[in-house]
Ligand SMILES: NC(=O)c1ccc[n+]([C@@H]2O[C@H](COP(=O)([O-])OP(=O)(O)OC[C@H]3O[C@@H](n4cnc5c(N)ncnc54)[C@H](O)[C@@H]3O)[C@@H](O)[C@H]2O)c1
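First, one chain by itself: the form predicted alone, in structure tokens.
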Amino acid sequence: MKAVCWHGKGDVRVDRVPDPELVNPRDAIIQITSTAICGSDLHLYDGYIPTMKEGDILGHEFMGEVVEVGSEVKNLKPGDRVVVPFPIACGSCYFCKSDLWSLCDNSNPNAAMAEKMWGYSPAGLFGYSHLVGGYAGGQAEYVRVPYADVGPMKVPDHLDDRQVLFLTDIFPTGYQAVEQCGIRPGDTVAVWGAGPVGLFTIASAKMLGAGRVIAIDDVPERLELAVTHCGAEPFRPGEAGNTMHVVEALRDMTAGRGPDICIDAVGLEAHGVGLEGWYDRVKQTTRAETGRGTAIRQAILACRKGGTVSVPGVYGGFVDKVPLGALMNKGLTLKTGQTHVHRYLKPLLERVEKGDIDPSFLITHELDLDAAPDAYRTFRDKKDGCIKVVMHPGGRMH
């Protein structure tokens, strides 16, 4: 089969690789109809996530048709059309039973490796380094799905792939980022980053009752979508976008109080400017820190006293100059985590079916799998108005 494979920093290729096979009675084989490039994939592309190996198959946002199931998978049959959560969860451990699916105790075969990095291991993830399992991803024609009796959700035929594909990751990620803050009607929410996760964060904040949502980004086409499709107020920091400039601007926009909720939807490759930006780029390049902390610093400093800071943006290791004094002395609540996608699949599918949201609004590029190398560059470099890339292996799509 064809698959998008990692060959080093800035080097992805479409290779011929062996078709996946069932290795466990709880497995299923899925023929991919739609798969997307995620902003988190760019962290792999740019070489910032450790333990990648040459030939690893990328991709954690995918859906398709079941072609084969293991003997213990009773909820699926060949021909079923499914979306697949990006975290892999067993369904029976303490964390799965506690609805904390992305913290599953049993799905990461390389847990010892993750424990050295983070103290404890999260769940295994599709297509996202050997630190979280080394599982083959879904930017391919076929994929093996472990614990298929727990993860995949059947989707109705009257919804096309574009409407349901993002249930696999970025829609639940944006939704969780807001929901976990205990948002109240009328709250002001500031969102750093109007990329795909940021846009779903903004849309979710509106759905959950925010009075105002301020979208912070420097890419005009992203801000335009945030305004026209999500009802946000745009804020473009520009070249004066140092930390205190952004904090002061948000204070001015909120009558001196600050946003009730501040959400970092950027993560470890935040683009700072001036001395701060230079400092982070140098330290990340030399691996003296593993993430650039511009967005999280600004979010903590800008949030009102007693407010909540939420972090759906991905961080892998260590970030310098995080203002913990402000976090503590302002009485802020910090909420983080990989998304518990399983928790949100059915509620968000219902939102789509009711017409509360059409998740396809952010798709700008639809391509065949063979176009992946160019698509990664276009997405990373924000060329051609690219906001979200969806690929259809072999031209298949429902």
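Keep in mind that this is a model prediction, so the values were computed, not measured. Start at 1 and count along the sequence shown; that's the residue number.
Beyond the structure shown, there is the form predicted in complex with the ligand, which is absent from this document and is the topic of what follows.
Next on the checklist: Against the ligand in the predicted bound form, would T33 count as a contact residue? Criterion: heavy atoms within 4.5 Å.
Outcome noted: T33 lies outside the contact set for the ligand.
Checklist entry - Is M153 one of the residues lying within 4.5 Å of the ligand in the predicted bound form, judged by heavy atom distances? => result No, M153 sits far enough from the ligand in the predicted bound form that none of its heavy atoms falls within 4.5 Å.
Next on the checklist: Can you tell me if V314 lies within 4.5 angstroms of the ligand in the predicted bound form, counting non-hydrogen atoms only?
Outcome noted: It does: once the ligand is placed as it appears in the predicted bound form, V314 has a heavy atom within 4.5 Å of it.
Checklist entry - Would G47 sit within 4.5 Å of the ligand in the predicted bound form, counting heavy atoms only? => result Looking in the predicted bound form, residue contacts with the ligand do not include G47, since no heavy atom lies within 4.5 Å.
Checklist entry - Which of 324-332, 158-166, 268-276, 282-290 has heavy atoms within 4.5 Å of the ligand in the predicted bound form? => result Correct option: 268-276.
Next on the checklist: For a quick test of understanding: in the predicted bound form, does each of L42, F86 and V219 have a heavy atom within 4.5 Å of the ligand?
Outcome noted: Yes, the whole candidate spot contacts the ligand.
Next on the checklist: I need to confirm a contact call. Of G195, P259, G124, G127, which residue comes within 4.5 Å of the ligand in the predicted bound form, counting heavy atoms only?
Outcome noted: Of the listed residues, the single hit is G195.
Checklist entry - Which one of L58, M63, A372, C38 is close to the ligand in the predicted bound form, taking close to mean a heavy atom within 4.5 Å? => result Contact with the ligand in the predicted bound form is made by C38 alone.
Item to check | Interface residues of 327-352 toward the ligand, as seen in the predicted bound form [heavy atoms, 4.5 Å] | outcome: G337, Q338, T339 sit within 4.5 Å of the partner.
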